[in-house]
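In the block that follows, a single chain appears as structure tokens, in the form predicted alone.
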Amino acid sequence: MQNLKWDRPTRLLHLGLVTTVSVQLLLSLVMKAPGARAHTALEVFTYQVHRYIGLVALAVVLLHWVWSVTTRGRATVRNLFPTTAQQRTRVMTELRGMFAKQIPDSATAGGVTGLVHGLGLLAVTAVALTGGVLFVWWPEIGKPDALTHTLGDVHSALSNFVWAYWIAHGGIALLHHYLGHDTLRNMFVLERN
């Protein structure tokens, strides 16, 4: 059996993020939060499903952070954010290479790949945290107060970054696959290393 590049917990957490974020984004196309106008049964149902899957997404995001901070493997938080001069130099070198049509290996730790994953994790974290607060504060009946409504607007605005990330990240993963990289198998095959 091939030695996969990512450890099992990282692959499980990534699968959890892909699943919950994808479902949340798709539900957001149909659902409507409670408010002044009448809603269809489908809008109300998808809103309720969105609320509870959002709690699962928040748990997965928090577990991902705990894993990234505590692991000594390739999924460490140090590989998600270039904090040293050497890491920043690597990111710049890889970016220059990308402009010369050289795609960095998607399964390497750190570099552009790590930074992209780090930025995505930040965006998903912001949306999940604001969603968790809204789960508690948003009234089931009637209009929300001004602060809660504003937080709902922030949650919606931040979700645009997650949409952009979801589309771009998925597209790049498919591009890597098309170019013959074993990216999808390395991330989603869950057998033991």
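The model shown is predicted, which means the values in this text are computed figures rather than measured ones. Note that residue numbering begins at 1 and tracks the sequence as displayed.
Form predicted together with a small molecule: not shown, discussed below.
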Problem - is_contact(residue 39, the small molecule) in the predicted complex, heavy atom dist at most 4.5 Å - result: no
Exercise for the section: Although the small molecule is absent from this view, report whether residue 134 comes within 4.5 Å of it in the predicted complex, heavy atoms only. Expected result: yes
Handout entry: Heavy atom of residue 31 within 4.5 Å of the small molecule in the predicted complex
Key = yes
Exercise for the section: Considering only heavy atoms, tell me if residue 62 and the small molecule come within 4.5 Å of each other in the predicted complex. Expected result: no
